[in-house]
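Quick setup: the structure tokens below cover two forms of a single protein chain, split into structure 1 and structure 2.
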Structure 1
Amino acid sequence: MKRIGYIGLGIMGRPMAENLIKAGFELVVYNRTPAKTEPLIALGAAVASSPAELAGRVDAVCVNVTDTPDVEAVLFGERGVAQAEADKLNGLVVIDHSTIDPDATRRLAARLTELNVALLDAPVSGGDIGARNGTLSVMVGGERGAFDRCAAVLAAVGQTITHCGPSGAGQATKACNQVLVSTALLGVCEALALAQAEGLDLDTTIKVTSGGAAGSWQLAHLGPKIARRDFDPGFMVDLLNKDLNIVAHAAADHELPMAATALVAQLLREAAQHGRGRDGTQALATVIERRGGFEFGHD
């Protein structure tokens, strides 16, 4: 594979596309807002006027948009990938780095198979920092053959590339990841709320508890931000809410009760309702504050 298309040059897509150029791939880019293609053009990327035109010019199409309907539009909407000429589509691989519904992914993959296009679901974790540094973890679902053919493309954007299983397995793994992230975050918020109520120094509490069985990435990285009420994003509440909607849908499909995940989803929705949607996920702490009648870092 040599020519790669990139659709969706947002906070994640742009640095990932840049890493593909650095790795020596020829890039063709498309973005709904054309201005966002300019930094890539400056690095040597060509630009396409539509996903369909882009698909006709490349060996693989990377997609990095927000939600399930966005991926559907890129693939099957007007001037979408599926509208490229049939012989151009034959053998194409779509690598979808968006975080979307596992079940929808399987349906999209089935539709693409009819066009002789393989779909790899390949959501990532590691945030915008991981995207810039190429240290993302990429969770891939889809046919093993397509995965193997895209190994160099995936290696250019991530550090840990894992084939998780058939189509949808990457998205399902990402859904599990977001369950872990959000429930651990809620635990951190409640633990620090108790610490503050007990008059403890929050930084000391975080330090003491981080080293053992209570330790987590969320505690070590977001705990100190909560302690100083720093709600700058990292990863935005709105995006975690979107991901937890995906989880809720999957859980409903399986009739799986997920009481803690449902709870944190409700609280994160409350955060968004109170204007914290574009803050970092640690702004979940503001919901705990309001419900508890206190502010972190104040007596």
Structure 2
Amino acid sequence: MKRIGYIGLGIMGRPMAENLIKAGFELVVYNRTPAKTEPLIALGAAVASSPAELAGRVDAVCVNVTDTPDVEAVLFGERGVAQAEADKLNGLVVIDHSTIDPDATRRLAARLTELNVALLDAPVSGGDIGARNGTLSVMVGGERGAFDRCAAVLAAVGQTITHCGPSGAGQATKACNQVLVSTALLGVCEALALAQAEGLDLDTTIKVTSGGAAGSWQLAHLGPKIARRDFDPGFMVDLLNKDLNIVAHAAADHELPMAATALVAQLLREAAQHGRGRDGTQALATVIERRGGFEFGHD
């Protein structure tokens, strides 16, 4: 694997693509909004006019887009990856870093197999900080052989890279990850609300609790943002809402009760309804503020 294609240069995609360049890969990029390719061009990346053209020029294609229909469009839509010449597709690997439905992933993988293309579902966790630092956790489903072939590509963007099983296993693992992320975030919001009501210094509370059994990524990284009402997005409310819909569908298929996750999803929807959809997930705290009649950091 020497030449890698990258499709989708958003909050996560851009720094991940930059890390591939830093690792020495030749990069070809495509983005629906061409202006987003400019920072990558400045670092030496080439630009393709379509996913099909990109696929014809690389050994592997990384995809990092919003939702299941977006992945399907990139792969099978007009001028999608599948429209590349057959000889160019033979042996190609698609690494999908998007977070989408596990069942849809399995269907997409089956369609690509007919074209001699392997699909690795490889969603990530670690937020924009992990994307910038190359320290993401990458959970991968798909053929073991394709996973092994792409080991260096995955190592360029992640620190913890795990083959979770066959196609769809990466996405299923990500769904579990989002249950943990979202429920922990609600705990952070409620704990800090109680701390403020009790007259405690929020930064001190975060420091003390982060060092014990209550410590979490959400507390350490988003707790300080909540304390100073910084709602700039690392990962947006709308995207976590989308992910929890995936969780809800999977849970329904297995008739699993998911009471805590359902509550967080309800509160995130409320945040979006009040204009916080494109804010960071820590804007969940604004729902607690509104219901409690206070603002973090204010008496």
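Only the largest set of C-alpha atoms that superpose within 1.5 Å between the two forms is called the rigid core. Every residue number counts along structure 1's sequence, beginning with 1. These figures come from a predicted structure and were not determined experimentally.
One chain, two forms displayed separately, with the form predicted on its own being the second of them, structure 2. Neither of Ser167 and Thr204 shares a rigid part with the other in the motion between structures 1 and 2, based on the superposition that better accommodates each C-alpha.
Relative to the larger rigid part, the smaller one has turned by 12° between structures 1 and 2, according to C-alpha superposition.
Its Cα shifted by 5.0 Å, Pro224 is compared between structures 1 and 2 on a rigid core fit. If you overlay the core, the Cα of Leu186 moves by 3.0 Å between structures 1 and 2.
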